[in-house]
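So this first bit is one chain, no partners, the form predicted alone, shown in C-alpha cells.
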C-alpha cells in the first residue's frame, strides 16, 4: 500500500469515526425544528399540516412513539387519509408492534384509494409484519468471495455465513428461544498470520423484561466453537462455554450491552494445548440519526493452560453509515463501514518468563445493494502485530464478496 493510499484509508476511517459530531449537529437541528413545530401545535392542536410535519421530524429523529401518537390523532381527524395511515403503520412497525401495524396496513389496503407505489409499499410491510409475527422465524446472510494479501502476493477464499432462528416461547416477558449459527473463513494466503476459520453455535432463551422494543433483554446461553488457526494447526481447538448476554436499547439513540462467559477448550492437534478460559465484553452503540451508528466495545479474555496464561484486553470501535445512491433503479440504501481495533496480549510462561504483543487493525468497506436482498461488498484492512522483543508482522488485505440477506 502506497503512502498516499495509507493517508486516504486513514482519512476515510477518520471521517466515519468522527461522524457523530456531524450527525449530532444534524440531530440538534432536527430537534430544534421539531420543538418549533410543537410550539405551533400548542396554539393550533388540530392543524393537520403541523401534525404531519411533527410526525415526519419525529421519524427522522427515530422517536417513533411521538410519531405514532401524533399520527393517531391525525387519523382520528381524517380516517380516509391513506398516506397518514400508512405512515402510522410504519411507525408501529418500527416499534415492534406488528399486530397494530398490520391492522392499519389492512385498513389502508381495504380503502381502495392506494396509488401503485403505496400498494407496493403496503404489501411489502404486510409480508414483513406477518413474517415477524410467526412463532418461528429465520433470518441471516451469506457472503463469499476472494481475498488478496498484498505483502505475500497471495489470495484465497473469504466468506461469512450467519443464521438466526427465533422460536416464540410465549409468556408475559416476550420470551424467545434464540439460536445463532455463524461461520467465517479468512484465508487470504498461507503467509497470513491472521488466517483463521471459526464456526460458532450459540443457543438459549432470551427474555425481554418489559415486553417492548426498548428495555433490557437477557439471555443465558450455551456456546460451542470450532477454531482453526492456520495451516499448521498448532492453534486449532474446539470449545464449549456457558455465558450470559445483556442488551438494553434504552431509547432510539443509545443501546448498552455486555457478555460474559466461562468455558473449556480442547486442542485439535497433537502439539496443541487444552485450556480454560473466561471472557467479558462491555460496550455501547449510539445512533445519532437513522443513517449512522457508532459502536464501541471493550473486551477482556484469559486463557489458562499448562504451558502459559494468555491475557488479552482491547478496544474495538465500529461505524456504519447508510446513504441513498440517487439511482431510482436500486431499491436499497448502500452502507459504508469502518473499524479500528487495538488488542494487548500478555503471555505468562511461569518462572518469571513473559512476553507481550500489540495487535492493531483498521479498515473499511462498502456494501452495495443491487436488489433488496443481493449485495456486493468491497473491503480493505490493515493488520499489524508488534512483539515486545522487536519483531513485527504486517499485512494488508483486500477482498470482494457477493452476498445475500434473507
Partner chain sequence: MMRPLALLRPALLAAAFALPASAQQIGTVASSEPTLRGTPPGAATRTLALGSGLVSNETVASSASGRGQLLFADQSTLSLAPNTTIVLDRFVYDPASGAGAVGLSLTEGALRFIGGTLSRQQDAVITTPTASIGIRGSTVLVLYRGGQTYAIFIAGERMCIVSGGTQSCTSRQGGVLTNDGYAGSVASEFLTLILSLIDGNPAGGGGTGPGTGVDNPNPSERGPVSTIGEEFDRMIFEDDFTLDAIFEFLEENYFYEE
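Numbering follows the first chain given and starts at 1. Bear in mind the structure is a predicted one, so any value in this text is a computation, not a measurement. Rigid core here is just the name for the largest C-alpha set that superposes within 1.5 Å across the two forms.
Beyond the structure shown, there is the form predicted in complex with the partner chain, which is absent from this document and is the topic of what follows.
Visitor: Do residue 350 and the partner chain come within 4.5 Å of each other in the predicted complex, heavy atoms counted?
Guide: Contact with the partner chain, no.
Visitor: Using a 4.5 Å heavy atom cut-off, state whether residue 355 contacts the partner chain in the predicted complex.
Guide: Flag for residue 355 set to no.
Visitor: Against the partner chain in the predicted complex, would residue 229 count as a contact residue? Criterion: heavy atoms within 4.5 Å.
Guide: Output for residue 229 is yes: heavy atoms within 4.5 Å of the partner chain.
Visitor: Heavy atom to heavy atom, is residue 263 within 4.5 Å of the partner chain in the predicted complex?
Guide: Outside the cut-off, so no.
Visitor: Could you work out which of 155, 179, 184, 238 is the residue within 4.5 angstroms of the partner chain in the predicted complex, going by heavy atoms?
Guide: Residue within 4.5 Å of the partner: 184.
Visitor: Can you tell me which bits of 73-110 touch the partner chain in the predicted complex, meaning any heavy atom within 4.5 Å?
Guide: Counting only heavy atoms within 4.5 Å of the partner chain in the predicted complex, the contacting residues of 73-110 are 73, 74, 76, 77, 79, 80, 81, 82, 83, 84, 85, 87, 90, 91, 92, 93, 94, 95, 96, 97, 98, 99, 100, 103, 107.
Visitor: Answer yes if the Cα of residue 240 shifts by 2 angstroms or more between the shown form and the other one on a rigid-core superposition, and no otherwise.
Guide: No, residue 240 moves less than 2 Å.
Visitor: With both forms fit on the core, is the shift of the CA atom of residue 45 between the shown form and the other one 2 Å or larger?
Guide: Comparing the forms between the shown form and the other one, which are aligned on their rigid core, residue 45 does shift its C-alpha by 2 Å or more.
Visitor: Return yes or no for residue 281: a CA shift of at least 2 Å between the shown form and the other one, with the rigid core superposed?
Guide: No, the C-alpha moves less than 2 Å.
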